[in-house]
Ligand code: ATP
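Take a look at this single chain in structure tokens; it is the form predicted alone.
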């Protein structure tokens, strides 16, 4: 009875699979030679869109990039990310009215949104700013407080190396088409739906 010792072991099979994977990843890395300012969209109905945007801002600051943030909704709430990032020279421009369902005043909200958008447009023209986070701006477009065409024009005419992050639900399809990277956050479970209140340090 012959003993076939030529069959690959599980470890050898694993190494072969991993080597093939590495070759594919290395090829993609080698082919990715372009460098430009990215437009990143983080949308969807799940929790974590702003958190992801702020995480990218923190990463950029960690690499010595200049970042600025425009917040279009949560202006009246304390913001843990702002408390931290302002200590690292991140400028914040905040729409002062907070949540639109609290004011219930369209004229007031529109004026506040337009004022925040003016700040955003200045940042989108500033070559010294490497990363701009437009937090919750999708709502402003949806409600008609800011013109979609104006947003697209500002994005298209920004400095070539500037990165922009857009967050918020129901991002307009034209912004999604314009973006380089789009992530959709989907809800599976949320503590608030079970009567658990939003908590400092976790939810804001």
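Numbering follows the first chain given and starts at 1. Everything numeric here is computed off the predicted structure, so don't read it as measured data.
The next section is about a form of this same protein that is not shown, the form predicted together with this ligand.
Peer 1: Taking any heavy atom pair closer than or equal to 4.5 Å as contact, tell me whether residue 139 reaches this ligand in the model of the complex.
Peer 2: Flag for residue 139 set to yes.
Peer 1: Is the gap between residue 48 and this ligand in the model of the complex 4.5 Å or less for some heavy atom pair?
Peer 2: Taking the distances in the model of the complex, the answer for residue 48 is yes, it comes within 4.5 Å of this ligand.
Peer 1: How about residue 59 - does it come within 4.5 Å of this ligand in the model of the complex, if we only consider non-hydrogen atoms?
Peer 2: Close contact is absent here: in the model of the complex, residue 59 is far from this ligand, nothing within 4.5 Å, heavy atoms only.
Peer 1: Could you confirm whether residue 202 comes within 4.5 Å of this ligand in the model of the complex, counting heavy atoms only?
Peer 2: Judged by the heavy-atom cut-off of 4.5 Å, residue 202 is in contact with this ligand in the model of the complex.
Peer 1: Name the stretch: of 142-150, 157-165, 62-70, 48-56, exactly one has residues whose heavy atoms fall within 4.5 Å of this ligand in the model of the complex.
Peer 2: The contacting stretch here is 48-56.
Peer 1: Heavy atoms within 4.5 Å of this ligand in the model of the complex is the criterion; list the residues of 157-187 that meet it.
Peer 2: Residues within 4.5 Å: 169, 187.
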